[in-house]
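There is one chain below, alone, in structure tokens, taken in the form predicted alone.
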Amino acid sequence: MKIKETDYAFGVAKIRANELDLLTPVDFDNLIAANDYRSALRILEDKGWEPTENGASFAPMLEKFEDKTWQLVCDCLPDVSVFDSLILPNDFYNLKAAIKAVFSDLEPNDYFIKPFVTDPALIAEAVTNKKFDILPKHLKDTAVEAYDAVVRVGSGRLADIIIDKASLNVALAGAKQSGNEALTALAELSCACANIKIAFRSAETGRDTDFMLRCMADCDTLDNKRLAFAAAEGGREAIAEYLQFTPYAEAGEKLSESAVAFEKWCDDSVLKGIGAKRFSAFGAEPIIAYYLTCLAAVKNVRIILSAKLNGVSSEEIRKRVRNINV
């Protein structure tokens, strides 16, 4: 049965209520200004973030927040598969983890992430026993190709390239298939940002255009050949010059400034892109916006707490923290 926009009304109302508990820009200012790591932890605990049992490790606290957020999202969606294009990249991350674990004699469960579309246990079984046929279509061919890259070519790097590219392509295809304009725009932005990063890093390490094109995902808003050629011929400046004639002119400016500024721009653009639709009364967009805002909050908290542990100045932290307007 086709889901109507009005079917999201209950979920949107529930999200509205929970938005009141999100960290605000003022909260992030207070975290950045905190005297030390433990002072920052106390601020988070006062805001309802569950305290960590081991003060030296904040990872469990972030994981609890992410789990709680995903459960809320699931409760608010009439059909969780609407979010598949946002979650599918986690399946590919778990595939990468399973392959690395098999060839390193590690326990893959220690590296799997949530949420997921495909049960990580199924991925682990497929890779461990080379039973790739049990995987869903969106993973099967990529798993075979990546596994072969490790076994026959002996290149874990090539396996990573294969998986990363497939992850972006599958997410974009899934977003287009969903018919949701917001999800499609977000997936397209992810592909564009990834391709720009590839061009920049390849230029810095002297990679040629063939290598870049092999890594780059499908992208309707960029000409991958022109981007790769600019990177190979003129480096960062040439990349920025090409981007002036694309929807990513500002990305080029940030890239000219620093890699950190560009990374921040990519994340900020995701929230900016969905932000205009977050106040809609119906449809999935407010729930999508809430979920992405929570993920950005987790990233900010991780940046801030890591910086506090390592004695990074408040000024430097501000350069890295993402913009969240709640």
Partner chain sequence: MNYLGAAFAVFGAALAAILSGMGSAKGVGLVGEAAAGVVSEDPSKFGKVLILEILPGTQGLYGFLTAFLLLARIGLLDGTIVSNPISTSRGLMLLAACLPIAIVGYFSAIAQGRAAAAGVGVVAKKADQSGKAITMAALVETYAVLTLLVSLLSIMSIVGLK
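Residue numbers count along the first chain shown, from 1. Every value quoted in this text rests on a predicted model; they were computed, and no experiment measured them.
One more form of this protein exists, namely the form predicted together with its partner chain; it is left out here, but the text below deals with it.
Look at 58-66, 280-288, 297-305, 258-266: in the predicted bound form, residues with non-hydrogen atoms within 4.5 angstroms of its partner chain sit in 280-288.
Its partner chain is not shown here, and in the predicted bound form it never comes within 4.5 Å of any heavy atom of residue 318. With a 4.5 Å cutoff on heavy atoms, residue 117 does not count as touching its partner chain in the predicted bound form; it lies far away. The shortest heavy atom separation between residue 126 and its partner chain in the predicted bound form exceeds 4.5 Å. Mapping the unseen interface onto this chain, residue 309 falls outside it, with no heavy atom inside 4.5 Å of its partner chain in the predicted bound form. Of the residues in 12-31, those that come within 4.5 Å of its partner chain in the predicted bound form through at least one heavy atom are, in sequence order, 13, 14, 16, 17, 18, 19, 20.
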